[in-house]
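One chain comes next, on its own, written out as C-alpha cells in the form predicted alone.
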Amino acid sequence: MAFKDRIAHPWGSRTPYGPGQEWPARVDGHLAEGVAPQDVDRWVQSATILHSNGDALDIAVKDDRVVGVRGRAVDRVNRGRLGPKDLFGWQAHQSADRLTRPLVRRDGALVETDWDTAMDVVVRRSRELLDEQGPSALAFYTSGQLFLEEYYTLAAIGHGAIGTNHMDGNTRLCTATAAAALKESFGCDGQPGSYSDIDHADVIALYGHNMAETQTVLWSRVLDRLAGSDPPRLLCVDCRPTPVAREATLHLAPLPGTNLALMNALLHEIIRRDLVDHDYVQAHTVGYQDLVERVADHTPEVAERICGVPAGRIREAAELLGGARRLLSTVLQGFYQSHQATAAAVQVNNVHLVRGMLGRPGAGVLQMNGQPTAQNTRECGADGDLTGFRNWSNDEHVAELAKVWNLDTLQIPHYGPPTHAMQIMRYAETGSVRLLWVSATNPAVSLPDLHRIRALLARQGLFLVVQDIFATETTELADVVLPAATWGEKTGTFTNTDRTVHLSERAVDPPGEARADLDIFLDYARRMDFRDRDGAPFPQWHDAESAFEAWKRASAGRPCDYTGLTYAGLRGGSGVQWPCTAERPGGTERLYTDGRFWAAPQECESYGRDLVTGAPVEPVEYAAMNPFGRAIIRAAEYLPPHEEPDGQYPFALVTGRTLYHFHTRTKTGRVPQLSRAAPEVWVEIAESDAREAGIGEGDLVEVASPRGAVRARARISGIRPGVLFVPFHYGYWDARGQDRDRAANEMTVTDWDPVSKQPLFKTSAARLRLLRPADGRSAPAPTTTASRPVADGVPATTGGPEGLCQEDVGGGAR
C-alpha cells in the first residue's frame, strides 16, 4: 500500500502491460481524515458519477455518513483505479448548503414549503396548460447525471402520458454528435468498440479528445500500454498541447472549425495509397464511391490552406492510420462542438469502414460521451430519441412502444422530429412553451449566449420548475425548486461509454426532505392521475427495481437489449456490457463482429440526414439506398464556420473542460482539493500572441466576443497561435460579487450543428486586451494539464497532504 498525491499525479502510478495482456489491477482509495479502513461500517457498491468512464467503486459508510471511496478491482472498466474527481468528489454531497426543502416563489422570492404544496403548484399549472394549449405547452430539459430508471420514467411521462415532443437533455451539449454520427454510419446508436480495445490496438487515434482530462482512468490504461512492451502509436488531433498530445507519436493542431477538411484529406490519402480493405467495403458498406469522388480533389495541400496543418504532417497521419493492423479511434468535444460536427465525426467512422477496422480486438470506434449517464439519456428517450433506439419515422416502432407502455399509439408524438434543446429554449422565449421542467442541470451557465438564456428563463409567462441538489444560477430564476437526492442516496443503474451497465446502491439517506428524482417523477405522475389503456396508474412501476424491469421489456429485441440483466446479477462482480440477453448472459464486448449492422430500413433508428444541410432522408430514399442494412459511408464537403476571426475579433475562441472540475462546478467547486487545483477562470494564450499583445503570465485580460466578455488572468501556454481557450465551468454562485464577466458562455454563439443540433462552443471569434499587469500571481490554471505554462517559475499544482490517496498496486508501481 502506497500513498500518492493524486492532484499532482492525476493518473497515479504505472502498471505496464503488453498487447493482448490483461490490464493489471491497481486499487485506489481515499477516506476522510481520521478514518481508517477498519473503521468503515460498510462498503456499498456504486460507480463514478463525475465523468463518462463509469469506473466501479465502493462507497465507505461510517455512522450513516459517506466517508470515502475505493475502486473495485474486479470490474472490467477500471480494474480498481479512480480519478481525482472520484477520489475527492463525494465530499460535495455533505455540504451544508444542500437543498433540503421544496421552494416556491411568493411575492418574487423563493420561500420554503412542503412537498404537497410544491407539487400541487406544479400539477395545477400543468393541468391548466394542458387544458388551454395542449401537450406542446410543456417541455422537459434534463441531464446526463440521472439514473437509467429516472430517464425511462421521465420519457414515459413526457412522451407517453403527456404527449409532448419537447424533451431533451443537456447531453445535447456533449454527446448529441456521438449519437448522430453512430446513427449516420451504422443506422443506430451504440458504441461499436470497447475499452478493452486499448489492450490490443497498435494505433490509437484521438480526435478532439483530451482523454487525459476527461476520462483519467481510461488514459491511465493508455499510459500503461505506452509503458509496456510493444506500445501502440498515438495520433492526437487537438489545437491545444494536451497531455495526450505530449505522449503522441504525431500531433496535428488544426484551426478550430476545420476538422472536416482535415478528415477529408486523411481519407484522400488513404484512398490514393489504396490502403483500403476492398473486400470489407464491398461486403458490408454502401456509399464508398461517393466518398472517393468527394475527397478526390481534397489533397493535403488543400487541407493545409484551410487547417493550417502542414501537408507533410497530414500524409504522415494518413500513413499511420493506413498502416495500422488494429486501429482504435476515439472522438469527443474537439470535434463535437463545431459547426460540421457530425460530418467530421462520421469521417472517423469512414476511416474504420474503408479500412475494415471494426468488430475485432483492437479495431473499434468510441464516439465518446461527456457525462456519466449520457448513454442512458439516449437509450431511454429522455433526450428526444425514441425509447429503445426506436425510429420516430417508423410507425411500427411507435406502435411497438405504445404496446409496451399499454397506451394508444396516437398519444406518443411522432408527427415530426423531437425538439432539440436550443429549439425548446426558442419556444420558451417566444411563449409557446409555458412550463419548462429542468432536472439536474444548470442551463443559466452551461448554454451558449447567457445573456439571452437568462432573459428567456426569467421571462414572465414561463413557469420554471427546477429539480436539483444545490441552489444554482438556474434555481434563482425558478417558480418552484424541488430538492433532489444524489449519487449514494438513491438506487439505480447507469451505463458508460462502452455500454457497461453498473448498479449504484443507496448508501445513506438524502438530507432533509430531498427525494430521489425517480420518486419525484412518479409522485408527479400519480398526482396528475396518468392512466394506461386499462385504467391502471401510468407509469406502472413504483420503485427503481420495478422501473428497471419495465425498461428491460422496452429494450427487448433492440440493440440496447438489457433482458439478461438483473439487479441481483449486477451485485458483487463487474459491470456488464449490453446487449445482454439469455443467449449472451455475460454481455457483448464488441458490436458488429459479424459485419451485420442495425441499418436495415425496418430496423434502423434513423434514416439519416444530409451532413451539410441537416435535411432528413426520406424512408423511401433510404430503403432504395440501403435495402440490405449495410454500414453507410457518408461524405460531405467542408464549409467554413459562420463566425470566423476578422479584423475586429482576430482570435478563434474555444471553450472546454479541465481535469479537476465537472459541468458548472456545483459539486467540484465545493470540494477543497479540486477547487484549490483550479480555483478561478483563466484564459490560455499562445506565447507569440501574448508577446505581440504585451501580455505576460498572470496579467488580467479581457476576452470579448460580439456577445459578451470575460475577465481572467492569462496563462501563456503552448496553445496554437491565433486560438484562445477559456474553461466553461465557472459561473456566479461563488463569484463573491464578481459581475457577469466570469462564465465562458457569456461569449459563445447561438448556433448548432445541422445534424446533431449540438451547440457550437468552439467556433466563436474573439478579441483580447490587457487590463492590468500581474501582481506577482500567475494564472489560476493547473500546471498538470493542457494548461501547463511555457515559462518556468509558475508554482506547480499539488494537493498537499489532503491530496494523498491510497494506491494498492500489487504488481509493483514505477
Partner chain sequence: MRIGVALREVQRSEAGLAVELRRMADEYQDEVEIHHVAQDLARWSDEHVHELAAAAARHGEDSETLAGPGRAGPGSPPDAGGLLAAGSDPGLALLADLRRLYLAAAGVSVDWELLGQGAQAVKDAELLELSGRCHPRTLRQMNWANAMLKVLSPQVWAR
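The model shown is predicted, which means the values in this text are computed figures rather than measured ones. Residue numbers count along the first chain shown, from 1.
Separately, the form predicted in complex with its partner chain exists; it is not shown, and the next lines address it.
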Residue within 4.5 Å of its partner chain in the model of the complex by heavy atom, from Arg79, His420, Arg665, Arg630, is His420
Contact with its partner chain in the model of the complex, heavy atom within 4.5 Å, among Asn406, Gln602, Gln540, Ser432 goes to Ser432
Partner contact check in the model of the complex: of 84 to 92, 228 to 236, 130 to 138, 300 to 308, the stretch with a heavy atom within 4.5 Å of its partner chain is 130 to 138
Even though the partner isn't displayed, in the model of the complex is Gly694 close enough to its partner chain, meaning a heavy atom within 4.5 Å? no
Discussion item. Contact with its partner chain in the model of the complex for Phe761, defined as at least one heavy atom pair within 4.5 Å: yes or no?
Written reply: no
Notebook entry, point to check: Does Gly572 reach its partner chain in the model of the complex if we count a contact as any heavy atom within 4.5 Å?
Noted result: no
Is Pro616 near its partner chain? Define near as a heavy atom within 4.5 Å, in the model of the complex.
yes
In sequence order, the residues of 747 to 761 that place a heavy atom within 4.5 Å of its partner chain in the model of the complex are Thr750, Asp751, Trp752, Pro754, Lys757
